[in-house]
Structure formats: structure tokens, C-alpha cells
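Presented as C-alpha cells, the chain that follows is alone, the form predicted alone.
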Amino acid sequence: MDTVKLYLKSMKMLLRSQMQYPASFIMQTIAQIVMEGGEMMAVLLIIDRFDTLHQWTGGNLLFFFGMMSVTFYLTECFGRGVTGAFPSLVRSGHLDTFLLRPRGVLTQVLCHAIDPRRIGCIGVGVISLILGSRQSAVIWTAGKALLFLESILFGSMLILGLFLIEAIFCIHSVKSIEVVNALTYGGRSACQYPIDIYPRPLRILFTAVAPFALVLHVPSAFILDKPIYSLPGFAAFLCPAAGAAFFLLMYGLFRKAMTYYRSTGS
């Protein structure tokens, strides 16, 4: 509980510091909204051009887009220490100071940065979810609501675990490894759409390697009453746990990598 309190206090302080320049914050937030809104417009154009995409209607596509947007940008907003700041901490040598404090390195890294500009992107995702849910005539039940929250939570853990891969490479190489973006930002772009529209290699990649399909798509399909992979209903509640398993694996590798950390001397 002390760690949670520390994290929440750090987030409050960082948010207050961001609000010291309200004009800059507002303009950057609007820019983020325009960027994410443009991606949502791409989905709307697809909907306008095609009535269905495989078994998925336009409302279904908006729902998948919203699930990915909300999950990804929640992670980027509150996990910015890992998703953006970690490479600079290693290059500058500031990570050295984290090793002297009586808290875990990952906890301190998460408390190091926040990106409230992503709130605009989250808002676009929420709008997409609402539109997709209405157009798909989703009948919300307690079970579906619980599954939705479970998918968002474990999806955030999955994305944070993917960003930890870059942190692990950065510990060994000092510089960030751009190829990892194929799984993070590339995965976000690809998995805004249902996994079964892609060829087999991509389905395997985003099911067995970076399991977006298990964590986000299987639950979304269950909520939309269009199961994929011919899985029984209860599997939709189990599949998101793949996100937690992936994060724990990457966290273990991160801690192992920290034993090889060498200061840059900056």
C-alpha cells in the first residue's frame, strides 16, 4: 500500500507541474486529439466504404478501435516513465540515483513521469467505444462490464511489458532499440482492427508473441457476441490473464538486466 500511495502522490505532483503552463498543455492536448481523431476518421472511412469486414460491422470496428485507444493511451499517460523517459535516464546517468533509494527501480521509473496530454486520446477512444457499442447494439451485463474492465487492466499490463523490452535492451546497449516499436506502436496500429482480418503470420505474432488478440480481441468479440477462434464463452475471462503473465515475465527479465547495468558516467 505504501508503494501505491507513493505512486499516487507522485502522479499528483507531476500533474500539478504540468498544469503550471496551461496554454502549452491545452495546445499539445488538442494536437493529440487531432492526431488520434485522424486515426478514428480512417476507421470511419473504412466503414463508409465497406458494409462489413469479414464478420465485423462498422460499429464493431469502432469498438475495437476504442478498446485499443483507451488501453494504450492509459498506459502511456500513467506509465510514461517506462514508455518514454527510461532511455534518457540511462543515457544521462540519472538512473544511478534510483539505485541508491529504498524503492524498486521500476516503481521509481513509473513515478518519474506522466503524460496528461494523452487524456485527449483517451477521450477519443471513449467516444469510439460509445459509438461502437450503440451501433453494435451491445446489451451490457455485469459480466460484460467486468470483462471490459479486466481487459483494460491486463491490456495495460501487456503494453507496459512490451515497453519493458525496450528498457531491457537499453540497459545493455544504452541507446533505445527502435525495432521494438514494431511490437508497441506497430501493435497498437495493427490491433485497432480485429485480428482475424490479417494473414496467418500476423495472427501468430499478435497472439503468441505480443498477445493483443488474447488480451483485447477475445474479450471484445465476446462483448460484441461474435466470438473468435471458436473459443467457449468462459475463455474470454481467462485470456486477458496473458497480459499479466507477459508483464511478469518481462519484469523478471528487467530485474535480471538491472544486474548488468553499468553507469554511463554522465
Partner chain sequence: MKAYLAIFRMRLKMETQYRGAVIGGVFCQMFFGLILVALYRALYAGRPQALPLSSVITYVWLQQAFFRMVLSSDGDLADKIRTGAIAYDLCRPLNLYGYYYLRAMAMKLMGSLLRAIPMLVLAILLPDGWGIAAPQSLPHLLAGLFGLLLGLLCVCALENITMAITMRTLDSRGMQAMLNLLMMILSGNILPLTLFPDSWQKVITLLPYAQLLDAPIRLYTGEWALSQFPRVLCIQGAWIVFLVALGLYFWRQNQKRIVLQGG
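Everything quoted here is computed from the prediction, not taken from an experiment. Numbering follows the first chain given and starts at 1.
There is another form of this protein, the form predicted in complex with its partner chain, and it is not shown here; the text below is about that form.
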item: Per-stretch contact check against its partner chain in the predicted bound form, the hit in 160 to 168, 127 to 135, 187 to 195, 143 to 151 (non-hydrogen atom, 4.5 angstroms); value: 187 to 195
item: Its partner chain contact at F63 in the predicted bound form, heavy atom, 4.5 Å; value: no
item: Exercise: F206 in contact with its partner chain in the predicted bound form, heavy atom 4.5 Å; value: yes
item: Proximity of I46 to its partner chain in the predicted bound form, heavy atoms at 4.5 Å; value: yes
item: Any non-hydrogen atom of F50 within 4.5 angstroms of its partner chain in the predicted bound form; value: yes
item: Heavy atom of each of I30, V34 and H54 within 4.5 Å of its partner chain in the predicted bound form; value: yes
